[in-house]
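Next up: a single chain in structure tokens, the form predicted on its own.
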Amino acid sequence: MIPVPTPVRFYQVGSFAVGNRLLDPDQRTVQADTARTNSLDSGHRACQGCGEALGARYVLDTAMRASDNKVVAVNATGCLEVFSTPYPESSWRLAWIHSLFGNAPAVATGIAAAMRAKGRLDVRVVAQGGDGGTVDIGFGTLSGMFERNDDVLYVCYDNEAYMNTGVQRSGATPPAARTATTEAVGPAPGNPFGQGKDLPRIAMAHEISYVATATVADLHDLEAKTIRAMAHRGARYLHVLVPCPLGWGAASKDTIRLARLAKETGLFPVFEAEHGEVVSVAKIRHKTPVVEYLKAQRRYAHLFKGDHQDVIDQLQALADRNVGRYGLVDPTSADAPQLTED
């Protein structure tokens, strides 16, 4: 008699997640479904460990499921467009259009208007770009899309620099980070403090129906936020942190770890907002000093050569401000700031 094998359970070691086999079918990720659309399919030329390829696949497959596979994707110029469509090839398996670096929101607006004129309100429009095409070059057209409340979900895959053209600084590059245009030289090496834009908060200032941030370290959260965004009409904005091994100077295997550390340090707050007000936040599970995040990336290596403790302290202060601003730590937690009497 052949013994019945014991079911095998799979756990993800070193993470806060569990494998899909431990969850009820209705709680499993879209990627666990064999009927997923594979909107961004194999054969693309992204770098090993690319956070952007991972984020885009999850977002678009989820948007397709939420809209009965009726999505038109508009892509700004950038890494995602370049590595997915080297002429004459394409890795996209949905209606997809690329125009220019700075006009993806405008093109998406036009497509949404055309579908409305045709009475095809069932066809949804998702625009996407990197931080360069979103925070800088496409900033004006994106603000216009928000002001008009056009029925478009815009997704920014933020790898914090212009990675496709040589790792130049963008408006989303964090302070003290080394790039090709903010070199680690002089008394204040790396990107200056006090520059750039906090685009999720700028989107909130437009009081559009839905704004959210997410990371590729929590793909259930990313899918859930995409589903909620697709449930809204009008302008919506999703800002996803997608580490870049090449530009950040990190190991390919550390992409998820770095995304998690960005959230757990408080440097990248994860939250949702509706009509300009924060409605939920992802609490920090284990408050981590920023130095643990910085040491894992060569773009911050200069901070550990010589005496730059003051810069590290400034970065810690930025993280702590996010913790306080968004309430990222439970006030009863041991990680919460402790008040002392003078």
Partner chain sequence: MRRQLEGSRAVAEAVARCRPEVVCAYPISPQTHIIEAIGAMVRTGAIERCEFVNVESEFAAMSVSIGASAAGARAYTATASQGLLYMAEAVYNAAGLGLPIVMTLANRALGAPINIWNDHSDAMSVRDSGWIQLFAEDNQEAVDLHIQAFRLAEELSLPVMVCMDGFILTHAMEEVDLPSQAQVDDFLPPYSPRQVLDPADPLSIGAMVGPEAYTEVRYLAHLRQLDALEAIPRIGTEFAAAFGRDSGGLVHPYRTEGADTVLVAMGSVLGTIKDVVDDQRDVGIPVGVVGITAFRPFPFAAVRAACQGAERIVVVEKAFSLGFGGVLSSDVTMAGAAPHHLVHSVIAGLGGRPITKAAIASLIERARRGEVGSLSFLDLDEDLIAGELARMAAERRSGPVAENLLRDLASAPHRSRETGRA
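Positions refer to the first chain, counted from 1. What you see is a predicted model; the values in this text were computed from it and never measured.
Absent from the display: the form predicted in complex with its partner chain. The rest refers to it.
None of 166-174, 91-99, 266-274, 185-193 except one has non-hydrogen atoms within 4.5 angstroms of its partner chain in the predicted bound form; the exception is 91-99.
The listed set T215, Q128, T255, T141 contains one residue whose heavy atoms approach its partner chain in the predicted bound form to within 4.5 Å, identified as T141. Taking A251, A113, A224, I202 one by one, only a single residue has any non-hydrogen atom within 4.5 Å of its partner chain in the predicted bound form, and it is A113. Taking the partner from elsewhere, D136 is found to have every heavy atom lying beyond 4.5 Å of its partner chain in the predicted bound form. Mapping the unseen interface onto this chain, S209 falls outside it, with no heavy atom inside 4.5 Å of its partner chain in the predicted bound form. Although the partner is absent here, N69 lies within 4.5 Å of its partner chain in the predicted bound form, judged by heavy atoms. Not displayed here, its partner chain is kept clear of T179 by more than 4.5 Å at the level of heavy atoms in the predicted bound form. Annotation: in the predicted bound form, residues N103, K118 and R148 each come within 4.5 Å of its partner chain through at least one heavy atom.
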